[in-house]
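So this first bit is one chain, no partners, the form predicted on its own, shown in structure tokens.
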Amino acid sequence: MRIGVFDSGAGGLSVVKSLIKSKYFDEIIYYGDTARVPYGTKDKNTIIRYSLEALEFFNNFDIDLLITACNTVSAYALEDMNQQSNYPVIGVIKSGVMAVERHNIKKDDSILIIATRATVASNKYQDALRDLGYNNITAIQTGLFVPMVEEGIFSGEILDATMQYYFRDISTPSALILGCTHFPLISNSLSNYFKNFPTLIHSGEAIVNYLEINYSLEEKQDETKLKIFASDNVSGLRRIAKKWLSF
């Protein structure tokens, strides 16, 4: 199986790491729109337009399905992308919500969603969780984490100060949904901030489980091949991939 992974920048590599670890895929084609990252500050129409342009890129490859690793794209452009593609386009929000149930989070447990401004404003996570009966949900935009991760800041004083800024009025949740693919790279720091209490919901792990449930996957003996493309500075993205995929 050959799959595509699309993200607004480097963040989707955290999903790629989980996909490679699963050993289900022969080849992964990754495309990061690094020239226009982040998407989380853009308006809906711009997000959809950028996403459909990315879809045109993947039409150059014979892929079996496409994963939109970007939560913002999953929130706003998934329907449009599926209407214009010849293969399934799968987002990460539905799988993330399913992971909450899989981790046996109780209906009245506190759930904290951290994501970009656009993802939070879409209410996709909040609505899907409420539909399942969860009633103690807080969603906050934590967009400053994105450029920090892009700069390789996974811990330290700057990140600590930013977490204090965002979470100063937030009680420790039972579950923490990492609603942006950049955030798994700072998962250790997030866990430490909340004293290792919350269950972390990670897009990469969640999407692998979703694919296992919904597709006939067979574990491969050979290593998964990875090809990386970008709208700008592809060599820089490949350097990041070399570092992150061994992180």
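Residue indices: 1-based, along the sequence shown. Only a predicted model underlies this, so the values are computations on that prediction, with no experimental measurement involved.
The following text describes the form predicted together with a small molecule, which does not appear among the structures shown.
None of Ile63, Val208, Leu185, Val37 but one reaches within 4.5 angstroms of the small molecule in the model of the complex through a heavy atom, and that residue is Val37. With a 4.5 Å cutoff on heavy atoms, Val146 counts as touching the small molecule in the model of the complex. Put simply, Thr116 is close to the small molecule in the model of the complex: some heavy atom of it is within 4.5 Å. The stretch that touches the small molecule in the model of the complex, counting heavy atoms within 4.5 Å, is 39-47, out of 190-198, 54-62, 210-218, 39-47.
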